[in-house]
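Here you get one chain, nothing else, as structure tokens; it is the form predicted on its own.
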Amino acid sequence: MKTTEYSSAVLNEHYVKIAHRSGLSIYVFPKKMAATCAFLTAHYGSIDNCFCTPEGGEPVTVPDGIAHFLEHKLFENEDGSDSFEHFAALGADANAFTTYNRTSYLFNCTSQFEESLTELLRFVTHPHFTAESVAKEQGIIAQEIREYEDSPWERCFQMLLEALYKHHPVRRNICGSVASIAEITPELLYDCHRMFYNLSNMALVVCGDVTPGQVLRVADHVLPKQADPLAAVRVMREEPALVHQCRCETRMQVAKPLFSIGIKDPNVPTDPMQRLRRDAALTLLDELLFSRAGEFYSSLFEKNLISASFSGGYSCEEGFGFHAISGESDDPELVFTLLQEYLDRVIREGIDREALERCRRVLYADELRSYDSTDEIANRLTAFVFEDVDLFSYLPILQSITKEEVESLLREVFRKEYFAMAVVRPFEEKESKK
């Protein structure tokens, strides 16, 4: 088995990658802390609803929300037991989540690590679905979807994605819809598990007071002795550069209007290192423009135009990227206008170098703090693994970003044709009394 070591002299940290004979990529990050955390992740998320199988033929389209549905179902075992109960009996805390491009299963423990890792590898790789259990889960997840739809903040953000994107599946709810999950069958779940839970499409990340030998002992015992590199190929429709809609709104039970302003990034690089650099530079820019220590937030807050719930940030993954600035205001349209005026002024006058360096120090400190938690390390390393870049490459990139580079991105990305806004307004007084 091939082993690769990654290290950082600045952080005094290291981790190893092991190409396991089963096809699974294993990462072990030794950390002398009380808790050990393990993430087993499939490169499979909510956007993978159209793909070509290795056998060829026409693209296969599956119901929205099936990746999230599969995450829920895998914890149920053929003997009727539940893997959450198994972890609890071992004193471990288990969880799982689905994002746009991956699904992770994880546990934290302070003892019985090898037994917990055995359970993790076993249940994720041994699915069991029946028509009865799928039907039961459809009711549970339908209720979860309704709860999301009843959340004003969730609804506002979802509307924003639908406004920004015309075709890209990031515009659809990770959980799917009540109608889409009703189409899920055991056969579809088995097909998606076979396509995307192939070990060559997965990674195991372990962080804690463990050795690669301990992890390999469990992997050798539980996993197949040879790889079966079956792989599905994502199929994506071409996405226009411009936003799909400039404005969208609805009414819900809120005290004052909520808003989410989005800026679509039409130039997300395909090269992983270039994408990481763009992500770091735009995150640095967002810290400068939209943080609570910044000029824009302070000016709006002092005028009582926004509340303390205001936030802004950049999200970037393979195939899509966007800024989202959210908050609540009695006059969202005025906030939108003032935002564009503020950005126009910064573009004209340029970025203050001292402010930029202050923001760089904030992000640098945040990155250093992330190494104080085994689950934070494991989660971040997992994200970097599927972006195909070294975790330790982030800080050197952050340090190397120039003022001129950030100003160039400011002019490139913050153009009016890339802006959209979603608003959730309160019900009219007469409607709220019905």
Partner chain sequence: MIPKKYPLACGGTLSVCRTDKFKAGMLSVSLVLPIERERTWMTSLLLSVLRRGTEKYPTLAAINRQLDYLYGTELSIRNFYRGDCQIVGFSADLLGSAFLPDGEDLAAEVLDVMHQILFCPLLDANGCLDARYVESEKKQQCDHIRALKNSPRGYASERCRSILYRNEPCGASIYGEIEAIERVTAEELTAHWRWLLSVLHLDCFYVGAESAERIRAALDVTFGAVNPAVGKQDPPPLPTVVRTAEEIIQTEETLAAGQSQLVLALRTGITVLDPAYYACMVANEMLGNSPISKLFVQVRERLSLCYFCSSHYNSYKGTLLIHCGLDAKDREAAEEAILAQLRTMANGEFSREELLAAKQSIQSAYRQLGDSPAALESFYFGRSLLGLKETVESTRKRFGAVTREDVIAAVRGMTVDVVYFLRGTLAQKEDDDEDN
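Because the structure is predicted, anything quoted here is derived from the model rather than measured. Numbering follows the first chain given and starts at 1.
One more form of this protein, predicted in complex with the partner chain, exists but is not displayed; see below.
Q143 is the sole member of S81, Q143, S315, S200 with a non-hydrogen atom lying within 4.5 angstroms of the partner chain in the model of the complex.
Interface residue among L90, V178, L343, C248 relative to the partner chain in the model of the complex, by the heavy atom within 4.5 Å criterion: L90.
Segments offered: 335-343, 249-257, 319-327, 116-124. Contacting the partner chain in the model of the complex at heavy atom distances within 4.5 Å is 249-257. For the marked spot (E58, F129 and D209), a heavy atom within 4.5 Å of the partner chain in the model of the complex is absent from each of the three residues. Using a 4.5 angstroms threshold between heavy atoms, Q112 counts as touching the partner chain in the model of the complex. For A35, a non-hydrogen atom is located within 4.5 Å of the partner chain in the model of the complex, even though that partner is not displayed. Mapping the unseen interface onto this chain, F157 falls outside it, with no heavy atom inside 4.5 Å of the partner chain in the model of the complex. Using a 4.5 angstroms threshold between heavy atoms, S307 counts as touching the partner chain in the model of the complex. For the partner-free chain shown, K136, E137, G139, I140, Q143, E144, R146, E147, D150, P152 of 136-167 come within 4.5 angstroms of the partner chain in the model of the complex, judged by any non-hydrogen atom.
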